[in-house]
Structures are given as structure tokens and as C-alpha cells.
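Next up is one chain by itself, shown in C-alpha cells, the form predicted alone.
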């Protein structure tokens, strides 16, 4: 992990996409928080200025690359570059939500492997180490030649859910790929876990149900790393209601929630959506700030 060197001051720089999380990280690390000047020129270009003495210090730049992804990514790179230009000895790039992480493969000839370029941009800007939370695929970290870590917020989500005193809860991964996430959440709750399996009955009829567990009269938590359009959650909720689940919750690390996704999920019958502050949203009830101490 990334040990703090003795005698080096730790400073948190707050990116404009993550103001509240930056303040929480600074409190967690018991260090100074600096809010840079970020504005636009008349032609739309960014202006970034860090008004602080950083020479020889260890800087943590906290900036999520959620929507607008490109603006937040450029700001992140400018902040990293400015910190290095000011003489920071180390610049840890803490990017809670990493944009383009789902574009990690070339599915068709000629496609850009977008996340690979994003990682190279962050490194080229001057980051000496990189930290993110629940990256979509762990293989993304291999794009870095600097130390790079993907931490998980699933235990934190489980601890929060455990306080809700759910009735005979079962934690379901949104698909087979989310079974490990469901397991980590369920361990904190002392609950059973499973994953949602899709079975195609006919070309137009697909059944979604837990692989092995019965949800009758039980509180259910559907877990995923990202909730974007909400389509997977909505489809699952309809089927779980037919199976007489008691109350249904959704939990995720990254509340992307595009368009009217939140409204649609609630209309479908989800009692509550619980997410973290990797993207600062009204449903962000769990902070990932404590995780930064795991690597610093």
C-alpha cells in the first residue's frame, strides 16, 4: 500500500465534482483541505489555479469523473499537473468513480479501448499513484504503470444496510458477475446471498429469479457496482414482487442514475436506493472517505 513518508505534509485538493467527499477525506486524514480556483474562459476552456505551497508535500487530488465526464477528467488532469508544477513530491489521484471503465475491451474492430487512454492521461498528467472505488473490472488497473488500487465499498454498504434491521434479508447480486459483491455485503449483515439468473423461456419471454434462494416474505437487497438506467433493477423487482418478496432495496457504489432512472426504479417498487458518495447524489448515504486510509 501507499505509506505516507515521515516529515511530508499531506494535503487534499478538492475537485469540483467531489466537494463533500474531499472535505470528508481531509477530515479522515486529519489534513489540510485546499479548494482550487476552477472556472472557464469565454471560449469554454478551463482555467485551474491552486493557491497553496505544495513543494515537497504529498497531495491527494479528489475528483470523480462522473457526468460531465470529459470536463471532470480534464479538470482532474489539470489539477494533477498543477500540483506537480508546484513541486509536490507525490500526487495521489483519488478518482472514486472512473469514467469509461466499462469500455475496457474492443468489442468491434476499430473501437477505441477508451479506459486505457483515460488511465494513460491520468498518469501522463503526473499522478504518482492512483486509487479508485469498485472499478467495473479489476483488469482496468493493469493499464497503469504507477501503483494503482481499486478498493471496494461493499462492506460499508453492508454495514449501513445492517442498521436498517431488515426482516430475514437476502442479498442478491444483479447478475452472476455481482455474486462477490453480494457476498461482501451479506457478510456485514449476517445474511444469505445469491445472484439473479436470467432464463430465456422463449424468444420474447425471459424469467429473472434468484439462482437458489426463496425470497417469500423476505426483505431483498439487490446489489451492483453501478446503477445507470435502472433497467436491470426494474426487471428484477417485477419478478421479485411476483415471488412475494416483502420489501426490496437497491444498493450500489456508483449512482450514475441517468435521466429518470431514479423515478422509474421507485415506481417499480424499490423501497429505497442506497449508494455511496463516489458520485455525489441525493441517494449517497454512505461515504467512501474511510477507504482512503486503507492505502495511505
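Residue numbers count along the first chain shown, from 1. None of these values were measured; they are calculated from a predicted model.
Absent from the display: the form predicted in complex with ligand R5P. The rest refers to it.
- Just one of 102, 160, 183, 89 comes within 4.5 Å of ligand R5P in the predicted bound form, counting any heavy atom, and that one is 102.
- The single contact residue among 166, 74, 226, 179, judged by any heavy atom lying within 4.5 Å of ligand R5P in the predicted bound form, is 226.
- Stretch 229 to 237 is the contacting one of 65 to 73, 229 to 237, 32 to 40, 48 to 56, since its residues have non-hydrogen atoms within 4.5 Å of ligand R5P in the predicted bound form.
- In the predicted bound form, at least one heavy atom of residue 136 sits within 4.5 Å of ligand R5P.
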